[in-house]
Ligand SMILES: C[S@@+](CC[C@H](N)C(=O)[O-])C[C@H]1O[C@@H](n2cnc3c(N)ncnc32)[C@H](O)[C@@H]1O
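One chain follows as structure tokens, the form predicted on its own.
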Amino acid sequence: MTTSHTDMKVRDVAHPMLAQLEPEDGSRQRAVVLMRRILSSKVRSQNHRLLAETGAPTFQARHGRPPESLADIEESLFDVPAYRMWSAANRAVQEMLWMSVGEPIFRDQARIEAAAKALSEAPDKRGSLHLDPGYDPSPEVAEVDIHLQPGGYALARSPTDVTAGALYETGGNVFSFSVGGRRDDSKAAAISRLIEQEYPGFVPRRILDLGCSAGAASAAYAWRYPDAEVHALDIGAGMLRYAHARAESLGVAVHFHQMDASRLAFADASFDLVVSHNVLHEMSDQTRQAMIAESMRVLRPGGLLIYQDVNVRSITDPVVKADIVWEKHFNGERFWLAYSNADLCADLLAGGFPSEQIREHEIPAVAGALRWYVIAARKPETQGTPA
């Protein structure tokens, strides 16, 4: 049995682990959304003019040649006072985003943790949570406050802490609304729609969500495919406690695991569908390639790999590409440029997927104006094994 992607539970749903907002909390968050939109549409859009009028002539005078490389463009832009002002303001607003989200979460922390604990320990719970006390989270993720999230994805300050997940979900919502996302959007719904269009008749029995963060997509797959067994993993205990309780509050069964996507503790050929959402740009080339190899290993013959991520890989404009470098330097996105420049088709080919089975897509979000990058591949069938 399946349900329409339009009926799927989406990211901005009510559940007990969401912080209870005072009126001023909502006002601050709406102000952050507005300021981010102004900085993007009214200020960032002037970067081409600033480069042409001031940045490039200054670079030419200093070096005796026009700016050519991405590093040249970056240097030229930072020669412009207005660009430096935008840079400082953009960083400040991102910090304000986390203050607007974090204050109500920390104020409401005791109630949030109690609600998560009750859901996770309920006798009628549907899914499960598997934490590894000896696990050492991958430093390339754990040591960075990605997009400045306080404490990063691996934050876990106590045996009941769920702060990382609470920050991720609410912070992600505020950020998405500021760049054109919608409350009724769902990345999992967009991928489910793609599966319907590109692989008609494919209905997964076991699903693995790599880098699940707060579990919004994991829960959505469990809703979309109620007869499937859904597993999800991430590196942080606090993130996973939150994700598990969130799924339980929504009445769906998801089995959460603390492990690296590049070192999966699952048997060979044990999943029909392996997915990831916005994970590719958070890892090094080596980790990504190991994740692809592991995805290939755990897929059943005829199974699907589908990785979705931010749609920046087709950018060729050097000024817009400089924004990607800015994210790397000032927003905790250390692998943003590596993802943008990676040859992902070659990576999947090296991971064992046949070239004729590898497909790249640019797909629309279910709601709003955003578009996503997707790379998908199907594992070859073997004789006598059903798809």
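Given the structure is predicted, the values throughout are model-derived calculations rather than measurements. Note that residue numbering begins at 1 and tracks the sequence as displayed.
The same protein also exists as the form predicted together with the ligand; that form is not shown, yet it is the one meant from here on.
- Contact annotation: the ligand lies within 4.5 Å of heavy atoms from the stretch 229-237 in the predicted bound form, the single such stretch among 82-90, 229-237, 126-134, 242-250.
- Contact check for 153, 187 and 260: all three have a heavy atom within 4.5 Å of the ligand in the predicted bound form.
- Just one of 163, 213, 192, 170 comes within 4.5 Å of the ligand in the predicted bound form, counting any heavy atom, and that one is 213.
- Of the residues 112, 207, 97, 279, just one reaches the ligand in the predicted bound form with a heavy atom at 4.5 Å or closer; this is 279.
- Among residues of the shown chain, residue 141 is one whose heavy atoms approach the ligand to within 4.5 Å in the predicted bound form.
- Contact between residue 311 and the ligand in the predicted bound form is not found at the 4.5 Å heavy atom cutoff.
- At a distance threshold of 4.5 angstroms between non-hydrogen atoms, residue 176 is out of contact with the ligand in the predicted bound form.
- None of the heavy atoms of residue 120 is located within 4.5 Å of the ligand in the predicted bound form.
- The partner is not shown here, but in the predicted bound form the stretch 285-305 reaches within 4.5 angstroms of the ligand through a heavy atom at 287 alone.
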